[in-house]
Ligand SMILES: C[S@@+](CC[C@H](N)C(=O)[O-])C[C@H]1O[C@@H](n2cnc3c(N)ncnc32)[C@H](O)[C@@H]1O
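Before any questions on how it binds or moves, here is one chain, the form predicted on its own, in C-alpha coordinates.
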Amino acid sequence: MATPALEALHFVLTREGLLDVAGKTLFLRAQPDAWVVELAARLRCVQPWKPMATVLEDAGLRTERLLLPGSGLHDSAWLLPNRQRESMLADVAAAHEALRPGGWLLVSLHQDWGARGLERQLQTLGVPMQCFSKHHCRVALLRKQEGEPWDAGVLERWSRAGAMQRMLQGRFWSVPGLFCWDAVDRGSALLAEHLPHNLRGDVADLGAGWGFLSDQVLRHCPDIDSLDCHEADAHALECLRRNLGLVMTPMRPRLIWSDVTAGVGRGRYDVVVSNPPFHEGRDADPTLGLRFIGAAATALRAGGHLWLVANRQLPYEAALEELFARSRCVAQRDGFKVLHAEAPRVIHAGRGGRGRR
(Lines give C-alpha, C1' and ligand atoms only; values in the text may rest on other atoms or scores of the structure.)
Protein backbone atom coordinates (compact mmCIF):
# COMPACT_ATOMS: atom_id res chain seq x y z
CA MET A 1 0.00 0.00 0.00
CA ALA A 2 1.40 3.39 -1.01
CA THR A 3 2.30 5.84 1.75
CA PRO A 4 0.56 9.24 1.87
CA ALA A 5 3.81 10.94 0.75
CA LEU A 6 4.02 8.71 -2.32
CA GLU A 7 0.34 9.28 -3.12
CA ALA A 8 0.83 13.04 -2.82
CA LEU A 9 3.87 12.88 -5.09
CA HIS A 10 1.85 11.00 -7.72
CA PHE A 11 -0.97 13.56 -7.46
CA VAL A 12 1.38 16.48 -8.18
CA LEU A 13 3.26 14.68 -10.95
CA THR A 14 -0.07 13.95 -12.66
CA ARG A 15 -1.53 17.39 -12.08
CA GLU A 16 1.54 19.20 -13.43
CA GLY A 17 2.03 16.86 -16.40
CA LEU A 18 5.45 15.75 -15.15
CA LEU A 19 4.95 11.98 -15.30
CA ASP A 20 5.70 12.09 -19.01
CA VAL A 21 8.86 14.21 -18.80
CA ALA A 22 11.40 12.55 -21.07
CA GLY A 23 14.75 11.36 -19.77
CA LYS A 24 16.09 9.72 -16.66
CA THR A 25 14.51 10.26 -13.25
CA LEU A 26 16.29 9.90 -9.92
CA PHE A 27 13.99 8.59 -7.18
CA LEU A 28 15.70 9.17 -3.81
CA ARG A 29 14.44 7.02 -0.91
CA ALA A 30 12.18 5.38 -3.44
CA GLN A 31 8.98 3.51 -2.61
CA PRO A 32 7.01 1.16 -4.84
CA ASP A 33 3.53 1.42 -6.32
CA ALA A 34 1.94 0.21 -9.55
CA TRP A 35 2.59 3.52 -11.33
CA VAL A 36 6.22 3.50 -10.16
CA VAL A 37 6.72 0.00 -11.60
CA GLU A 38 5.30 1.17 -14.94
CA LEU A 39 8.07 3.78 -15.12
CA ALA A 40 10.86 1.34 -14.18
CA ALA A 41 12.78 1.82 -17.45
CA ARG A 42 13.39 5.52 -16.77
CA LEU A 43 13.81 5.38 -12.99
CA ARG A 44 17.01 5.23 -11.00
CA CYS A 45 15.85 4.15 -7.53
CA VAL A 46 18.02 4.83 -4.48
CA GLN A 47 16.89 3.32 -1.18
CA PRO A 48 19.27 2.88 1.78
CA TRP A 49 16.69 1.07 3.96
CA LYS A 50 17.04 -2.66 3.31
CA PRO A 51 13.41 -3.72 3.98
CA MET A 52 12.12 -1.14 1.49
CA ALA A 53 14.91 -1.90 -0.99
CA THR A 54 13.84 -5.54 -0.93
CA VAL A 55 10.23 -4.57 -1.66
CA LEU A 56 11.39 -2.42 -4.58
CA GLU A 57 13.51 -5.22 -6.01
CA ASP A 58 10.69 -7.74 -5.57
CA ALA A 59 8.53 -5.37 -7.63
CA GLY A 60 11.10 -5.47 -10.43
CA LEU A 61 12.79 -2.11 -9.73
CA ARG A 62 16.57 -2.06 -9.84
CA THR A 63 17.72 -0.37 -6.66
CA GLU A 64 20.95 1.20 -5.38
CA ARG A 65 21.87 1.55 -1.71
CA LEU A 66 23.29 5.07 -1.85
CA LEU A 67 23.64 7.97 -4.27
CA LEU A 68 27.34 8.57 -4.83
CA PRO A 69 28.56 12.14 -5.56
CA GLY A 70 29.04 12.83 -9.25
CA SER A 71 27.12 9.72 -10.27
CA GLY A 72 25.33 11.20 -13.28
CA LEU A 73 22.82 13.88 -14.22
CA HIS A 74 19.06 13.42 -14.41
CA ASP A 75 16.16 15.20 -16.04
CA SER A 76 14.07 15.05 -12.89
CA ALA A 77 14.42 14.00 -9.27
CA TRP A 78 11.84 12.86 -6.73
CA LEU A 79 12.56 12.75 -3.02
CA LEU A 80 10.67 11.17 -0.11
CA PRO A 81 12.94 12.29 2.74
CA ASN A 82 13.12 10.82 6.21
CA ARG A 83 12.11 12.99 9.16
CA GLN A 84 15.57 14.01 10.42
CA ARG A 85 16.21 17.63 9.44
CA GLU A 86 19.88 17.51 8.47
CA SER A 87 19.34 14.30 6.55
CA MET A 88 16.44 15.64 4.50
CA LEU A 89 18.28 18.85 3.60
CA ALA A 90 21.38 16.91 2.59
CA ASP A 91 19.16 14.81 0.32
CA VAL A 92 17.83 18.00 -1.31
CA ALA A 93 21.40 19.17 -1.94
CA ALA A 94 22.32 15.78 -3.42
CA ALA A 95 19.25 15.82 -5.67
CA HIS A 96 20.16 19.30 -6.92
CA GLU A 97 23.67 18.12 -7.77
CA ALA A 98 22.22 15.17 -9.69
CA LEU A 99 19.89 17.33 -11.83
CA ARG A 100 20.59 18.66 -15.31
CA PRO A 101 19.83 22.34 -15.98
CA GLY A 102 16.10 22.56 -16.55
CA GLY A 103 15.42 19.52 -14.38
CA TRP A 104 12.53 19.35 -11.91
CA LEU A 105 12.80 18.45 -8.22
CA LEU A 106 9.75 17.27 -6.26
CA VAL A 107 9.97 16.73 -2.50
CA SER A 108 7.01 15.10 -0.74
CA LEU A 109 6.84 15.01 3.06
CA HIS A 110 4.15 14.23 5.63
CA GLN A 111 2.86 17.20 7.61
CA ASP A 112 3.75 15.47 10.88
CA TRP A 113 7.36 15.11 9.76
CA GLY A 114 7.93 18.86 9.45
CA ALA A 115 6.75 19.65 5.92
CA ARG A 116 6.13 23.32 6.69
CA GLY A 117 9.58 23.69 8.18
CA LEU A 118 11.11 22.07 5.12
CA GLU A 119 9.29 24.54 2.88
CA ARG A 120 10.74 27.44 4.88
CA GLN A 121 14.21 25.97 4.42
CA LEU A 122 13.67 25.54 0.68
CA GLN A 123 12.66 29.19 0.41
CA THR A 124 16.19 30.17 1.48
CA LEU A 125 17.47 28.77 -1.82
CA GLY A 126 16.21 31.95 -3.50
CA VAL A 127 14.40 30.33 -6.44
CA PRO A 128 10.70 30.06 -7.37
CA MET A 129 8.87 27.20 -5.67
CA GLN A 130 5.35 25.82 -5.89
CA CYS A 131 3.80 23.99 -2.96
CA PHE A 132 0.86 21.59 -2.98
CA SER A 133 -1.13 19.94 -0.19
CA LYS A 134 -2.57 16.43 -0.53
CA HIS A 135 -3.08 13.35 1.69
CA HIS A 136 -1.90 15.30 4.76
CA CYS A 137 1.42 15.88 2.99
CA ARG A 138 3.14 18.83 1.35
CA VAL A 139 4.87 18.58 -2.02
CA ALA A 140 7.44 21.21 -3.05
CA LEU A 141 8.21 21.68 -6.75
CA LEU A 142 11.40 23.49 -7.84
CA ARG A 143 13.31 23.75 -11.11
CA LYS A 144 17.06 23.95 -11.71
CA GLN A 145 17.29 26.82 -14.19
CA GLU A 146 20.61 28.06 -15.58
CA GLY A 147 19.51 31.69 -15.20
CA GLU A 148 18.23 31.19 -11.63
CA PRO A 149 20.97 29.43 -9.64
CA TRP A 150 20.10 27.95 -6.28
CA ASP A 151 22.04 29.53 -3.41
CA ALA A 152 25.35 27.64 -3.44
CA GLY A 153 26.21 28.59 0.12
CA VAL A 154 22.96 27.15 1.45
CA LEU A 155 23.43 23.92 -0.52
CA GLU A 156 26.99 23.56 0.75
CA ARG A 157 25.89 24.02 4.38
CA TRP A 158 23.17 21.41 3.93
CA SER A 159 25.62 18.94 2.41
CA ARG A 160 28.15 19.40 5.22
CA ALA A 161 25.57 19.21 8.00
CA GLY A 162 24.14 15.95 6.64
CA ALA A 163 27.46 14.26 5.92
CA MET A 164 29.25 11.63 7.98
CA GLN A 165 31.06 13.34 10.84
CA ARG A 166 32.89 12.66 14.07
CA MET A 167 30.96 12.79 17.34
CA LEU A 168 31.53 12.08 21.05
CA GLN A 169 34.81 14.01 21.15
CA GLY A 170 35.88 12.50 17.85
CA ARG A 171 35.77 8.90 19.07
CA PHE A 172 33.08 7.69 16.67
CA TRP A 173 31.83 8.42 13.16
CA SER A 174 28.11 8.83 12.56
CA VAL A 175 25.67 10.51 10.17
CA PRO A 176 22.40 12.38 10.74
CA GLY A 177 19.35 10.23 10.19
CA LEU A 178 20.61 7.20 12.10
CA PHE A 179 19.01 6.29 15.42
CA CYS A 180 20.56 8.36 18.22
CA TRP A 181 23.16 9.48 15.70
CA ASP A 182 25.09 11.96 17.85
CA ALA A 183 25.04 10.25 21.26
CA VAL A 184 25.23 6.83 22.85
CA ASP A 185 21.70 5.57 23.40
CA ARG A 186 21.08 5.03 27.12
CA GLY A 187 19.73 1.56 26.47
CA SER A 188 22.84 0.51 24.56
CA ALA A 189 25.04 1.95 27.30
CA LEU A 190 23.15 -0.07 29.92
CA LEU A 191 23.48 -3.26 27.89
CA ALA A 192 27.21 -2.68 27.35
CA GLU A 193 27.63 -2.20 31.09
CA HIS A 194 26.16 -5.65 31.79
CA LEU A 195 27.60 -7.66 28.90
CA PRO A 196 29.94 -10.37 30.25
CA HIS A 197 33.53 -10.04 29.07
CA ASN A 198 33.84 -13.81 28.65
CA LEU A 199 31.59 -14.03 25.59
CA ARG A 200 32.96 -16.66 23.23
CA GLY A 201 32.42 -18.10 19.77
CA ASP A 202 30.53 -16.55 16.86
CA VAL A 203 28.69 -13.34 17.77
CA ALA A 204 26.08 -11.23 15.98
CA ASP A 205 24.91 -7.68 16.66
CA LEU A 206 21.37 -7.37 15.29
CA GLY A 207 20.54 -3.79 14.36
CA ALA A 208 24.11 -2.58 14.85
CA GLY A 209 23.50 1.07 13.94
CA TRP A 210 26.71 3.10 13.85
CA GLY A 211 28.43 0.48 15.97
CA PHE A 212 28.54 1.27 19.68
CA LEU A 213 27.61 -2.23 20.90
CA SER A 214 29.84 -3.92 18.33
CA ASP A 215 32.71 -1.68 19.44
CA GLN A 216 32.15 -2.73 23.06
CA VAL A 217 32.11 -6.43 22.15
CA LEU A 218 35.36 -6.12 20.19
CA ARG A 219 37.10 -4.16 22.94
CA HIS A 220 36.03 -6.22 25.95
CA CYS A 221 35.45 -9.79 24.70
CA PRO A 222 38.83 -11.11 23.46
CA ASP A 223 37.67 -14.74 23.12
CA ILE A 224 35.11 -14.26 20.36
CA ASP A 225 35.89 -15.95 17.03
CA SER A 226 33.80 -13.73 14.74
CA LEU A 227 31.43 -10.78 14.78
CA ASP A 228 28.64 -10.19 12.24
CA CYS A 229 27.05 -6.74 12.30
CA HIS A 230 23.57 -6.80 10.78
CA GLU A 231 22.18 -3.36 9.92
CA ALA A 232 19.29 -2.25 7.69
CA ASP A 233 20.46 1.32 6.96
CA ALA A 234 23.18 1.51 4.32
CA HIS A 235 24.28 4.89 5.69
CA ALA A 236 25.30 3.12 8.90
CA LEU A 237 27.56 0.59 7.19
CA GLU A 238 30.39 3.01 6.40
CA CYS A 239 30.14 4.38 9.95
CA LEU A 240 30.46 0.81 11.20
CA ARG A 241 33.44 0.21 8.94
CA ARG A 242 35.28 3.26 10.23
CA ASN A 243 34.37 2.84 13.89
CA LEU A 244 35.20 -0.85 14.13
CA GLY A 245 38.37 -0.35 12.10
CA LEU A 246 39.72 1.67 15.02
CA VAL A 247 39.60 -1.34 17.34
CA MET A 248 42.93 -3.13 17.49
CA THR A 249 42.02 -6.78 16.92
CA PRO A 250 43.16 -9.33 14.34
CA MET A 251 39.56 -10.42 13.82
CA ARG A 252 37.72 -8.32 11.23
CA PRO A 253 33.95 -7.97 11.74
CA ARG A 254 31.62 -8.70 8.83
CA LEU A 255 29.20 -5.88 7.95
CA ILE A 256 25.91 -7.11 6.51
CA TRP A 257 23.18 -4.95 4.93
CA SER A 258 20.34 -6.94 6.41
CA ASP A 259 16.64 -6.89 7.25
CA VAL A 260 16.81 -8.71 10.59
CA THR A 261 13.04 -9.24 10.68
CA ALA A 262 13.39 -11.43 7.56
CA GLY A 263 15.86 -13.67 9.42
CA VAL A 264 19.65 -13.88 9.60
CA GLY A 265 20.16 -17.62 9.19
CA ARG A 266 19.74 -20.75 11.30
CA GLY A 267 22.07 -22.00 14.00
CA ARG A 268 24.94 -19.67 13.05
CA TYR A 269 25.82 -17.92 16.30
CA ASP A 270 26.78 -18.62 19.88
CA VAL A 271 25.84 -15.15 21.12
CA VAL A 272 23.49 -12.44 19.86
CA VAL A 273 23.46 -8.90 21.25
CA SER A 274 20.79 -6.41 20.24
CA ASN A 275 19.09 -3.10 20.93
CA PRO A 276 16.16 -3.66 18.59
CA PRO A 277 14.10 -0.79 17.15
CA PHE A 278 10.47 -0.33 18.10
CA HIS A 279 9.38 2.27 15.51
CA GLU A 280 8.40 1.65 11.90
CA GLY A 281 8.14 5.03 10.18
CA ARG A 282 6.10 7.38 12.38
CA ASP A 283 4.43 4.79 14.56
CA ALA A 284 5.61 2.69 17.50
CA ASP A 285 5.57 -1.01 16.65
CA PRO A 286 6.45 -3.36 19.53
CA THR A 287 6.26 -6.33 17.14
CA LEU A 288 9.57 -5.19 15.62
CA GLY A 289 11.41 -6.20 18.78
CA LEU A 290 9.49 -9.47 18.90
CA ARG A 291 10.61 -10.24 15.35
CA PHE A 292 14.20 -9.46 16.34
CA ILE A 293 13.85 -11.92 19.23
CA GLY A 294 12.46 -14.56 16.86
CA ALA A 295 15.31 -14.01 14.42
CA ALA A 296 17.83 -14.30 17.27
CA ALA A 297 16.32 -17.54 18.58
CA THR A 298 16.51 -19.07 15.11
CA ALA A 299 20.04 -17.83 14.46
CA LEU A 300 21.49 -19.11 17.75
CA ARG A 301 23.00 -22.55 18.19
CA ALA A 302 21.80 -24.90 20.92
CA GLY A 303 22.88 -23.42 24.25
CA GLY A 304 23.37 -19.99 22.68
CA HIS A 305 22.82 -16.71 24.50
CA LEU A 306 20.79 -13.58 23.71
CA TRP A 307 21.61 -10.28 25.40
CA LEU A 308 18.93 -7.69 24.73
CA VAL A 309 18.01 -4.19 25.91
CA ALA A 310 14.54 -2.69 25.58
CA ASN A 311 12.32 0.05 26.93
CA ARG A 312 10.94 -1.14 30.24
CA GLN A 313 7.30 -1.12 29.10
CA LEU A 314 7.84 -3.32 26.03
CA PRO A 315 6.37 -6.82 26.60
CA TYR A 316 9.20 -9.09 25.49
CA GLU A 317 9.39 -11.46 28.47
CA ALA A 318 6.62 -13.80 27.26
CA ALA A 319 8.35 -14.27 23.91
CA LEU A 320 11.65 -15.02 25.63
CA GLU A 321 9.99 -17.60 27.88
CA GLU A 322 8.41 -19.24 24.84
CA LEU A 323 11.51 -19.30 22.64
CA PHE A 324 14.25 -19.99 25.22
CA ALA A 325 14.70 -22.53 27.98
CA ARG A 326 15.77 -19.85 30.45
CA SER A 327 15.43 -16.06 30.58
CA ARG A 328 15.81 -13.34 33.17
CA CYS A 329 15.91 -9.58 33.66
CA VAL A 330 19.49 -8.62 34.50
CA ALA A 331 19.10 -4.90 35.20
CA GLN A 332 16.66 -1.98 35.02
CA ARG A 333 17.53 1.72 34.92
CA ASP A 334 16.48 4.97 33.26
CA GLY A 335 13.41 3.37 31.72
CA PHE A 336 15.34 0.44 30.16
CA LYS A 337 15.79 -3.21 31.01
CA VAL A 338 18.55 -5.68 30.09
CA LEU A 339 17.24 -9.16 29.31
CA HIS A 340 19.29 -12.35 29.02
CA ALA A 341 17.99 -15.57 27.50
CA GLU A 342 19.78 -18.83 26.78
CA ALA A 343 19.26 -22.21 25.13
CA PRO A 344 16.80 -21.48 22.31
CA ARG A 345 14.07 -24.04 21.86
CA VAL A 346 14.47 -23.88 18.05
CA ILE A 347 15.82 -27.20 16.77
CA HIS A 348 18.44 -27.09 14.02
CA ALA A 349 18.51 -30.48 12.35
CA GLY A 350 22.00 -31.85 11.94
CA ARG A 351 23.64 -28.96 13.81
CA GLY A 352 25.60 -29.38 16.99
CA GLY A 353 25.65 -26.39 19.30
CA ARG A 354 28.78 -25.44 21.17
CA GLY A 355 26.79 -24.00 24.05
CA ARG A 356 29.19 -21.13 24.65
CA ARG A 357 28.46 -18.07 26.66
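All values reported here derive from a predicted model rather than from experimental measurement. For every residue, the number given is its place in the sequence shown, counted from 1.
What comes next is about the form predicted in complex with the named molecule, which does not appear here.
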Subject >> Answer option from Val139, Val260, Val92, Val203, heavy atom within 4.5 Å of the named molecule in the predicted bound form >> reply: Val260
Subject >> the named molecule: the contacting residue among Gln216, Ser188, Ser87, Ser174 in the predicted bound form [heavy atom, 4.5 Å] >> reply: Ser188
Subject >> Any non-hydrogen atom of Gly294 within 4.5 angstroms of the named molecule in the predicted bound form >> reply: no
Original post:
Any of the heavy atoms of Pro277 lying within 4.5 Å of the named molecule in the predicted bound form?
Top reply: yes
Original post:
Would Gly103 count as touching the named molecule in the predicted bound form under a 4.5 Å heavy atom rule?
Top reply: no
Original post:
According to a 4.5 angstroms non-hydrogen atom cut-off, is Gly209 in contact with the named molecule in the predicted bound form?
Top reply: yes
**OP:** Please determine, with the chain shown alone, which of 47 to 55, 27 to 35, 321 to 329, 294 to 302 has non-hydrogen atoms within 4.5 Å of the named molecule in the predicted bound form.
**Re:** 47 to 55
